[in-house]
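A lone chain, given as structure tokens: the form predicted alone.
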């Protein structure tokens, strides 16, 4: 499955690289667009010394910890949000009759390698923030766990978004609110949001386990909302649970799909 994915992705990469000037311009533009989110944070801290009790370096750590897995998923699986377009165009049937799985093909359909610039930017911010903070070395083991957990959670969200489009073919932007909107929400300390919203992204849609709960452990900070200490370590439990739900939703969407006949 992995080999098939990268073969399909490489095909699209070669097609994009056939126009090198356009390829590199789009890569730089992608990096510039991603930098606007970072610029907003820097503007905020140009006018204050803390945000909900978190320093600039701590906020940039949370930003990088959320953005790295998100941009990786944006690069590798975000094209799942094109399901409704394929249904409307009558092209989804071609994915279903091929020997490779529909999920795999849709994830790599029109693979956009120029989004890699966003991944680099997120990784640089995270590495800089870790270096700038006086972190306990004994807690840094959580960093790869955070990234892996975030990858599973965001991949699951995109899978759920794709599955929802089997029913919501006219409202792709609604499901994007949970993917791109989820990333926007996790870029900042959840302490800036209301208690009810934070409960929702902790106990219902587990976005808090992308960077907030494990990030508090790495930073050695207490949760302003008073959640128990063991919650910092539940990301590897919440992420597979969401992945299972996403897999079931995707299976149901495909099974109940009715061909356009075109």
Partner chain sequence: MWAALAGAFTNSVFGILRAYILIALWQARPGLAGYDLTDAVTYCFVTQALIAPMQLFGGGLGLPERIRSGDIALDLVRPAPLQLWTLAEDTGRAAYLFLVRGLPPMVVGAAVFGITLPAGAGQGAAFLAGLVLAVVVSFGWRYLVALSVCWLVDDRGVAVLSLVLSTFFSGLMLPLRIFPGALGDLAAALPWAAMVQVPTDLYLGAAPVLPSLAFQAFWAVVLLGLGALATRAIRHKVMIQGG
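Note that this is a predicted model, so its numbers are computed, not measured. Residue numbers count along the first chain shown, from 1.
FYI, the form predicted in complex with its partner chain isn't displayed, but the following is about it.
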Residue contact check: residue 220 to its partner chain in the predicted complex, 4.5 Å heavy atom: no
Heavy atom of residue 176 within 4.5 Å of its partner chain in the predicted complex: yes
Heavy atom of residue 144 within 4.5 Å of its partner chain in the predicted complex: no
Partner contact for residue 225 in the predicted complex: its partner chain, 4.5 angstroms, heavy atom: no
Listed residue (164, 185, 77, 122) with a non-hydrogen atom within 4.5 angstroms of its partner chain in the predicted complex: 185
Partner-facing stretch of 60 to 68, 211 to 219, 32 to 40, 231 to 239, counted where any non-hydrogen atom is within 4.5 angstroms of its partner chain in the predicted complex: 32 to 40
Partner contacts in the predicted complex for 185 to 208 (non-hydrogen atom within 4.5 angstroms of its partner chain): 185, 188, 192, 193, 194, 197
